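Have a look below at one chain only, the form predicted on its own, in structure tokens format.
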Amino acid sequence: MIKIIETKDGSHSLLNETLNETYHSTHGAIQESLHIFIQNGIAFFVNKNNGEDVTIFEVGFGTGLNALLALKFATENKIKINYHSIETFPIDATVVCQLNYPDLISFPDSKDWFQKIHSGAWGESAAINAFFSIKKTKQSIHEIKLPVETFEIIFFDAFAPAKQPDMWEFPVLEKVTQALKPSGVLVTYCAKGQLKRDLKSLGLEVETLPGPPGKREMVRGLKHSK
């Protein structure tokens, strides 16, 4: 059962009542996504690589908030983003229509673009505008086959390890890091010691960074060029 909730920055999130787990921080969904995935993910990579266009792979499409914020960044900075995301249980269109992200993330056509992000057919690539295309796949991280060294950025946004431990197991982390290009970046809200040890053993340089409001830390992993 899915329930819409309001987080402390006024933006919506969803509560999975079966898992008793929210899709975002209750301290603020938008500010969490901005801090972790946009500022410490996309902006960091683009600044480090002098404005290079990027291909992103997201584990956990969820509400589409990260995709909308990535679209906004791409459009405002005129950076082309090719966005791939997977989700095992897509949310219903009636829920999507009630989410307030387009109202709070105000930029031209935000409502239309948010609907296009969600209404596009699963398994097919769709160009939302000149700077952003998205392909959503209805598969789990365990099922999907990822091409090696394909993505510049990985958003690892699965439910917490305490709720879905199988999403954070070593073979999963190995699969996504192998899909990361040299000089690529992996970002996640999780900062558990085991995650950091696993990422280091997979060859990433692991940075423990300040987290968004309400969370002390987050993690960014860097894959060095060969």
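All figures in this text were calculated on a predicted structure; none of them were measured in a lab. Just count from 1 along the sequence shown to find any residue number.
Keep in mind that the form predicted in complex with a small molecule is missing from the display, and what follows is about it.
Proximity to the small molecule in the predicted complex, taken as a non-hydrogen atom within 4.5 angstroms, holds for one residue of A179, L195, L34, M167, which is M167. This chain is displayed alone, yet in the predicted complex one of K80, K135, K111, H142 has a heavy atom within 4.5 Å of the small molecule; that residue is H142. Interface residue remark: A70 is not counted as part of the site for the small molecule in the predicted complex, having no heavy atom within 4.5 Å. In the predicted complex, the small molecule lies farther than 4.5 Å from every heavy atom of N100. Contact check for A158: a non-hydrogen atom falls within 4.5 Å of the small molecule in the predicted complex. Put simply, G60 is close to the small molecule in the predicted complex: some heavy atom of it is within 4.5 Å.
Residues of just one listed stretch (179 to 187, 196 to 204, 158 to 166, 41 to 49) have heavy atoms within 4.5 Å of the small molecule in the predicted complex: 158 to 166.
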